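Presented below, as structure tokens, is a lone chain in the form predicted on its own.
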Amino acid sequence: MTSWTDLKDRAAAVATRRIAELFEKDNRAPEFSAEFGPFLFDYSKTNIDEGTRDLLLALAEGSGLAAKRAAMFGGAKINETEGRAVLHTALRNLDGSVLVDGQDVMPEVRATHARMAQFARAVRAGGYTGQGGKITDVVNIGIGGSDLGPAMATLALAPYHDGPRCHFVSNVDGAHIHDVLKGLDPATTLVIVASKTFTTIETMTNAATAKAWMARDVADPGAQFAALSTAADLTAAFGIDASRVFGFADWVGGRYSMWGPIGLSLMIAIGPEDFDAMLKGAAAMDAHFREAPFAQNLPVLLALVGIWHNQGCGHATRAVLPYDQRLARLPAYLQQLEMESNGKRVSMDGADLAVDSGPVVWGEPGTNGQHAFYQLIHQGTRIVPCEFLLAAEGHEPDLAHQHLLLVANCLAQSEALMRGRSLEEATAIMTQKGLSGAELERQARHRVFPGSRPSTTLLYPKLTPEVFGGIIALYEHRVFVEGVILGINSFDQWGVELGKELALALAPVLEGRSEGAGKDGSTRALASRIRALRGM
């Protein structure tokens, strides 16, 4: 059975080998890529060879991945610390049955989906109106997965928007909701409050602000709110009719939730048909993940490349670089998906992990990033594995020449990261510029690129709803696979709780109603200065 020591020993053994050397074998690219549906996943520009891949596949096999995958899809309570099933996949696979505690959950899933579609059509067509006429704007108020998912997806699928304009509020900083509501008409605005418990402090604070804003211009503010929540009593007390409340079970984690009611704002924007196309693409990736052998399984391969770079080679970060402007929010979405899921320090049995857990995930769309942080990626002292995403074709036929330039930049960056530029090559370039002697050497050294920096590329034809659904499902399953191999629970998030608890306790200190007994000297001093600056 493969161990972490085996993996690290393998990484050490090939550390000085240049990735470009592996391309001396002509069939390197097809051998180290995999295809499914519209996707080509190329991981040939990494230092993974046949032996390393075999080692990684054995690591996956030895982790019990197949059994844990079956348990997840089967409705078992694999979120052991919270005693919950993990069934976000059920939200996008509307056929068949899934049992949780002996009960088939799919009839309720299908019924909620049908209610969402009915409401979305009514909003889009004017069957449901505001107190000033047809809805022109939708404001989604949420935080975490209740914001990042639909906000990211709404931007990604902008070419398919033919409904009301969608806006998103998440930060409890009053500047956020102020700037979003400014310029909107309360009488033609629908506000969607996304909070499963209807108690999330940031979300409910913003919801109260939105309600007060709307009350200045409409007689019945609650009539222009919808809720994505299971707390029927609290939504009713807020003034929201039950017909506009859409609940979801506790087996849907926040960062995995945009496939159901949390995606209502997206459904209103693009319509139920395109929303269902997104679900279809995700369901197809689910089936591929369940059925394909590990060696051709895109989520498994993406995860194993991540394991190799992080736990094997010790690269602590990964950059997600979509060469697709409409995926601008994907890196932020994946920050939560990956870092909240796999940013853990203990295994399922509570023991300390033997290796580092998930990496730091970051990134920006190309080509913007090329004029920002690519300097560090190419010439910095730390190696940053890069994950490129690229559509072969854009949505703007009249701007095809610009998309071709975008594609060229993406391919050039992955090539440059791998090949680099030697001192000899840099010297030759500067010699042609007329330099010589010590100045030639000095200038040439500034133009050396170490190269042999790994990257992967996910290529797809065009960013359609179906393709988009497949991309997000791919990354969801990647997180699951890495979590299984690490032996952690990817579906709880206790690290979110402590700061929130302390924030509640600090409110009376900041208001001057408490001296802050038990707080450290720094916190007390900062609170005191804040009170003084606020004239309290």
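From 1 onward, residues are counted along the sequence shown. Model, not experiment: these values are computed from the prediction.
Keep in mind that the form predicted in complex with a small molecule is missing from the display, and what follows is about it.
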item: Option touching the small molecule, based on a heavy atom within 4.5 Å in the predicted complex, out of 413, 195, 456, 342; value: 195
item: Position in contact with the small molecule when the complex is considered in the predicted complex, options 332, 143, 155, 435, heavy atoms within 4.5 Å; value: 143
item: Partner-proximal stretch of 65 to 73, 507 to 515, 38 to 46, 491 to 499 relative to the small molecule in the predicted complex, 4.5 angstroms, heavy atom; value: 491 to 499
item: Contact of residue 89 with the small molecule in the predicted complex (heavy atom, 4.5 Å); value: no
item: 4.5 angstroms heavy atom contact with the small molecule in the predicted complex for residue 200; value: yes
item: Touches the small molecule in the predicted complex: residue 221 (any heavy atom, 4.5 Å); value: no
item: The small molecule contact in the predicted complex: residue 385, any heavy atom under 4.5 Å; value: no
